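Only one chain is shown below, in C-alpha cells, and it's the form predicted on its own.
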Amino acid sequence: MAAIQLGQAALRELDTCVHCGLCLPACPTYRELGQEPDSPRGRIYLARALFEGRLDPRGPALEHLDLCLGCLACETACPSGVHYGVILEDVRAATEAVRPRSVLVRWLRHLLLRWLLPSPGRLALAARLLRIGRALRLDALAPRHLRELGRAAPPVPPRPSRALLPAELPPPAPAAPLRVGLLAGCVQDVLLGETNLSTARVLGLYGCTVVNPPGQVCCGALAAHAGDRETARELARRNIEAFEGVDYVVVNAAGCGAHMKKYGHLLADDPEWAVRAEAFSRRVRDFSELLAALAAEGRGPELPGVAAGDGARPAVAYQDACHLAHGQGIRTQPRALLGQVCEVRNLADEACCGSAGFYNLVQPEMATAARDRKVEQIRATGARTVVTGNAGCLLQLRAGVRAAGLDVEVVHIADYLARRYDELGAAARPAGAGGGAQVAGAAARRE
C-alpha cells in the first residue's frame, strides 16, 4: 500500500498533537455526527495512518477528511497549539493525484480552479452568462441548495467592481500618506462588487489612498483548500508582483485574508519567491484590522451625534467568520468599529455557518445543518440585522434566514459601516486632526 508524502511543517503539527480530545466539542462535524473519524483528533489519526502507509489513500478515509469544513475552530480550542489547517491542506494536496474521481469531476475541477477563477476576464464572462441564465429562469433547474444560494445572491451587476474603481482613489481629505492595495477577489468582484466599492469609500474616510492594481488575481484559497497547491502557488506569485509598492494589502473576505497571510508558508521552498512572499504576508491586513488600528491612532471619520450618546443606536448581531476569528484571531476589531455606530449583539458561539469556501456546494447536507443552527442563534439575538466579514458567510446566512422565513438583513461590515457613516453625516477627518503616526510610520518602513 503506497504511503502519501507530507511536508515537514505538517509532520511537525502531527507530532504536536497529544490527542487530548479538547478539540472535539468545537468541531461542527463531530457535533453533528458524534464519530471520532469526523473530529479533528480522528482526522489527525487518519492523516498519520495515510503517511505511514497503514491506510489506502484511495479508500474511505478521505471521505472523513473531505467532510471537514476547514473552519479551524479546533485550532482555537487546541491547548497544544496544533495548526490543523496545515495538516489538512497537505493531506488534500498529497492525495489529489490518487483520488478516485470520475473524468467529469476532474474536468470540472480543472475548469473551476485552473481556468475560471484565475482569470478576471473569464469570470466577468461567466457573470454575464449567469445574468442571462437568471433572466431565463434557468436556475430553477438547479438542485435545491444551489437554488437557495442563488436566490440569496444579489442581482449580478453589469460590470465587476475592478472596472468601476480607478487605479488610485485618494482620500476625500488630505491625510498622512498611506497607500493600501485593495484585493477585489474573484467571485466577490463580479457578484458582490458593491462591497469592494464600500470598502474603498470607508478606507478613504480613514485617510487611505486606495490602489486597484490591474494585475491582481484570485487569492488562491479555494485552490489550496481543494488540494491544488500548484495553482495556489502560481496565483500567489502573481498577487505578490501586482501589489508591490503599497503599504498594506487590504482584504475584506476572511478566507482570502487568512490564506494570503500564509503566502510565506506556501512559497517557503521557492528560492526565488520565499523572501518576497514572507514580506508580502506581513503587509496583509483584514479590512477591520487595519481600520481599528487607524481608529486607535485617532484616524477615521468624525461621527456627529454618536460620540455625544445616541440613544437610538440600531442593534446588530455580529457573525464571526471562521477564517477571521480562528484563522486570524480577529474578534475585537470589527466589534469595536461597529460599536461606534450601533449596539452589537453576539451569537451563542463561533461555530461555522457552513459556507466554508465551496463546501456548501459539495457537502450540502452538513452545510445546511450548520447554517440552520446559526440561523437559530441569529433569531435568539432579536436583531434585525446581521453583520459579517466574509462574502461566503453572507450568502450562506442570507439563504438561511430566507429559508427560515426571518425578516433579517444580512450585510457585510464594509457595506454596513459605509451606510451608517452616510446616515450619520460622517465627514473625513482633516489632516492633523488624527495621529496616525504609528501606522503611517510603520507603513513608511516598507518591506
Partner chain sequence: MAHEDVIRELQAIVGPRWVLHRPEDLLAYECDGYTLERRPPLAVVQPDSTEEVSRVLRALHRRRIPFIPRGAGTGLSGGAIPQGGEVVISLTRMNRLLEVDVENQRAVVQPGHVNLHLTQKVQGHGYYYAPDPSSQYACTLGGNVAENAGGPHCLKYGVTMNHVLGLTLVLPDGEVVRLGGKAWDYPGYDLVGLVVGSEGTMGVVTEIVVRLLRRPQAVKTCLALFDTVEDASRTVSGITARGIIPAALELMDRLAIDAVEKGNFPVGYPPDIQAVLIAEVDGLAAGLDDQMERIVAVCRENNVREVRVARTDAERALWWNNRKTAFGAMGKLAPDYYVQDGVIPRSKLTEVLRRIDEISREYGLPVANVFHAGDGNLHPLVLYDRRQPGVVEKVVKAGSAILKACVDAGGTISGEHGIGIEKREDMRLVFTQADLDAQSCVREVFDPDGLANPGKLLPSPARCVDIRALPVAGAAGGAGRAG
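Here the structure is a predicted model, which means the values were calculated and not measured. Numbering follows the first chain given and starts at 1.
What follows is about the form predicted together with the partner chain, which we do not show.
S.K.: Can all three of T16, R41 and E365 be found with a heavy atom no more than 4.5 Å from the partner chain in the model of the complex?
M.R.: Every residue of the spot touches the partner chain in the model of the complex.
S.K.: Would L406 show up as a contact with the partner chain in the model of the complex if we use heavy atoms at 4.5 Å?
M.R.: No, L406 stays farther than 4.5 Å from the partner chain in the model of the complex.
S.K.: Report yes if any heavy atom of P25 sits within 4.5 Å of a heavy atom of the partner chain in the model of the complex; otherwise report no.
M.R.: Because a heavy atom of P25 falls inside 4.5 Å of the partner chain in the model of the complex, the answer is yes.
S.K.: At the 4.5 Å heavy atom threshold, is G81 in contact with the partner chain in the model of the complex?
M.R.: Yes, G81 sits close enough to the partner chain in the model of the complex that at least one of its heavy atoms falls within 4.5 Å.
S.K.: Is there a heavy atom of D90 lying 4.5 Å or less from a heavy atom of the partner chain in the model of the complex?
M.R.: No.
S.K.: Heavy atoms, 4.5 Å, the partner chain in the model of the complex: which of 379-387, 45-53, 397-405, 410-418 makes the cut? Say which one.
M.R.: Correct option: 45-53.
S.K.: Sequence order please: the residues of 33-65 with a heavy atom within 4.5 Å of the partner chain in the model of the complex.
M.R.: Result: L33, G34, Q35, E36, P37, R41, G42, Y45, L46, A49, R54, L55, G59, P60, A61, E63, H64.
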